[in-house]
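The data below hold one chain only, encoded as structure tokens and taken in the form predicted on its own.
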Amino acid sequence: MKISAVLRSPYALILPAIALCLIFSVAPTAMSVRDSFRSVDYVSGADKFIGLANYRSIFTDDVFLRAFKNSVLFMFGVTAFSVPFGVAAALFLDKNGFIRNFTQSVIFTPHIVSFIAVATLWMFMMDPRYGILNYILGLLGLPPLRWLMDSSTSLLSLAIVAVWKTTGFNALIVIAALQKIPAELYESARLDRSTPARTFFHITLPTLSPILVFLVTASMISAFGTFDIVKFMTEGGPRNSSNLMVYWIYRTGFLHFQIGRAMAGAVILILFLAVVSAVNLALAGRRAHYQ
């Protein structure tokens, strides 16, 4: 077979992507599953099969259970606000004109700004004594909050930052989907004297449903795997109130050198996200209207 024919083959075109996926996704996942059943010490070279001991250990670990609970609450909280806010922003910005285009750029900026810059900005804003958020609460006659420094508000504070950072991305995706909706559908709605609410729920929302299924699934996966803002803003504190799964895995594996327990936590994370994604696609996918 000629080389030119091989290069034109679709399998040859996707081969680099498959190779990268195998090297950086499949192989590390397989190694994580293997190490989760072993007692591994990369310093001394010890490597012993211990069965389900790592899983029994983490499920009796209060810190792990707290991190898992925090991650679930964080995932649902961020998704419940970032996707609707993104849709609302997209509906407002789905117009031409300099002001709208400028606003689209502004609202998308948080998504591309580094997490270190985002964390630094919000840590100043959430400062209990000099932060602008407590200043605004004071203007409204509300008591100040300690935000990141209080165990009752630290997870909420991280969720606010995550929603602020991801809403712009969701809005841009929805704007692109809105521009694909045939204008004839809205013209028919106007001829039928449909109200804006009726038009939204009977035309816009059903047409956007495949994109919304994707955004909800992607947002849940991203939120459950959050690491950056925890590392830079709270380090899981105070008293593990903002500790999340990925940060627990990082501390367990890289700081405490308990590789087997960390890999067991990583396997639990992968399985949980797989189940959540499958359930979401099964339930929401049935209601999606694919053209």
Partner chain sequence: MSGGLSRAALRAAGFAVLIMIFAGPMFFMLSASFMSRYEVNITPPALMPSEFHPENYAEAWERMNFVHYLRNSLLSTFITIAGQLLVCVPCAYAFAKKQFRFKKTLYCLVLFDLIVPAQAIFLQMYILESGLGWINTMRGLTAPFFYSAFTIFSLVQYFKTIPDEILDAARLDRCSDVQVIARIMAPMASPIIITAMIFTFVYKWNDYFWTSILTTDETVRTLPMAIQNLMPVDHAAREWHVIMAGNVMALAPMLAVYILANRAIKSGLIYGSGGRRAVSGKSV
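Everything numeric here is computed off the predicted structure, so don't read it as measured data. Just so we're on the same page, rigid core means the largest C-alpha set that superposes within 1.5 Å between forms. Residue numbers count along the first chain shown, from 1.
Note that the form predicted together with its partner chain isn't included here; everything after this is about it.
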property: Stretch in contact, per heavy atom within 4.5 angstroms of its partner chain in the model of the complex, of 69-77, 128-136, 198-206, 181-189; result: 128-136
property: Partner contact for G253 in the model of the complex: its partner chain, 4.5 angstroms, heavy atom; result: yes
property: Proximity of M31 to its partner chain in the model of the complex, heavy atoms at 4.5 Å; result: yes
property: Heavy atom of F81 within 4.5 Å of its partner chain in the model of the complex; result: no
property: Touches its partner chain in the model of the complex: S152 (any heavy atom, 4.5 Å); result: no
property: Contacts with its partner chain in the model of the complex, stretch 256-279 (heavy atom within 4.5 Å); result: I259, A262, M263, A266, L269, I270, L273
property: Threshold 2 Å Cα movement between the shown form and the other one for A274, core superposed; result: no
property: Cα displacement of L52 between the shown form and the other one reaching 2 Å, rigid core superposed; result: no
